[in-house]
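In structure tokens, one chain follows: the form predicted on its own.
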Amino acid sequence: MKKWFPVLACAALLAALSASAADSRVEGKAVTMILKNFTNPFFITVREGGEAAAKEYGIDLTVLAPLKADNNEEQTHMVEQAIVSGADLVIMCPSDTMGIIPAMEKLEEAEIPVINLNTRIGGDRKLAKTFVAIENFECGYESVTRLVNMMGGKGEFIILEGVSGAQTSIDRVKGAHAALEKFPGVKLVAQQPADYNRAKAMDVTQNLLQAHPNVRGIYCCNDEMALGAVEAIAAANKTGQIFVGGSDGNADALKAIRDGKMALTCHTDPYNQGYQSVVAAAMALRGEELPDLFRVSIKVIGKEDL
């Protein structure tokens, strides 16, 4: 019971906050949401959640993302555009945790409040009203624990990281390492970034499988990389021999799990992340106090859960 109490308590708090926010709309306020890209299904779903909440709360929401996925320079330019256009609030999902800090300081100087979404803004100073996200360490920890148990607690293991500098990847990898420490029979033979990209993950996995042909488990920090790993495994005629875990719970990953090509994914509820970021924006625009964290729940999903 101790394990679940913080999650249940936080869920109850979030429900109460959402109910409070629903008491009144925020008419005529302009909010800019800046995401990492529009190529990953995760962020398309985040956008859908944000747009649904904006309609409910009467917010004029503009959703932007770099043309070049996960590009800090483009995100910085979008922040500058938001300042010039007179945005009342910015929801920021940074591609580069530390690289985005100067842009956030510009928003602070312009007295435009910020809601931090999905990936934490770095630095020692608090540059956002709140952080709307899952607990990424928990996602990595729970996913790898279940993945290694599916491996029988032994064998060679690979981790595919996301974009360098992205706190989501950093925290998921930390959680993965913490889980691996519980299994002395598992050997981590490689850890390499694949930039949250399916095609790059396929190339990286092909190379790693040549160097480590006895690998039995691969944990990927998102589903797009996991699906790329699945393609590489199929090309190597190893389908069914290697347990692959991802994160996000997108439709392609769920299908791959049903088909026996992936072992599991961590459902990170992107729709609710987008939705709750706009709920938090509405509360901030009304001058309400916000908690430091709007925590969105996760669930590790394997074939039996479907």
Partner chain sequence: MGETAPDDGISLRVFLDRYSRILILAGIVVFMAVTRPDAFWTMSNLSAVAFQQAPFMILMSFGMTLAIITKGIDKSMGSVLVLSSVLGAGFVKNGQFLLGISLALAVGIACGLVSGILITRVGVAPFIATYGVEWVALGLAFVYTGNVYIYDFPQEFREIGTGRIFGILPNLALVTLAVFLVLHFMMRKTVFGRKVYMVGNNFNAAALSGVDARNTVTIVYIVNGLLAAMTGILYMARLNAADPGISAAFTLDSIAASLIGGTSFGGGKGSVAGTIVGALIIVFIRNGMNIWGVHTTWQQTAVGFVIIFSIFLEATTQKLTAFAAGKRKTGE
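What you see is a predicted model; the values in this text were computed from it and never measured. Numbering follows the first chain given and starts at 1.
There is also a form predicted together with the partner chain; it is not shown, and the following applies to it.
Enquirer: Decide whether Asn197 counts as a contact residue for the partner chain in the predicted bound form under a heavy atom distance cut-off of 4.5 Å.
Expert: Yes, Asn197 sits close enough to the partner chain in the predicted bound form that at least one of its heavy atoms falls within 4.5 Å.
Enquirer: With a 4.5 Å heavy atom cut-off, would you call Ala178 a contact of the partner chain in the predicted bound form?
Expert: Flag for Ala178 set to no.
Enquirer: Please check if Val84 has a heavy atom lying within 4.5 Å of any heavy atom of the partner chain in the predicted bound form.
Expert: Close contact is absent here: in the predicted bound form, Val84 is far from the partner chain, nothing within 4.5 Å, heavy atoms only.
Enquirer: State yes or no: in the predicted bound form, is some non-hydrogen atom of Thr62 no more than 4.5 angstroms from a non-hydrogen atom of the partner chain?
Expert: Because no heavy atom of Thr62 falls inside 4.5 Å of the partner chain in the predicted bound form, the answer is no.
Enquirer: Only one of 221 to 229, 178 to 186, 98 to 106, 139 to 147 has heavy atoms within 4.5 Å of the partner chain in the predicted bound form; I'd like to know which.
Expert: Every other range fails; the passing one is 221 to 229.
Enquirer: Go through Ile170, Ile159, Ala133, Leu208 and name the one with a heavy atom inside 4.5 Å of the partner chain in the predicted bound form.
Expert: In short, Leu208.
Enquirer: From the list Ala53, Val26, Ile242, Ala256, which entry has a heavy atom within 4.5 Å of the partner chain in the predicted bound form?
Expert: Result of the distance check: Ala256.
Enquirer: Is it true that Lys68, Ala235 and Lys261, all three, sit within 4.5 Å of the partner chain in the predicted bound form, judged by heavy atoms?
Expert: Looking in the predicted bound form, the three residues Lys68, Ala235 and Lys261 all sit within 4.5 Å of the partner chain (heavy atoms).
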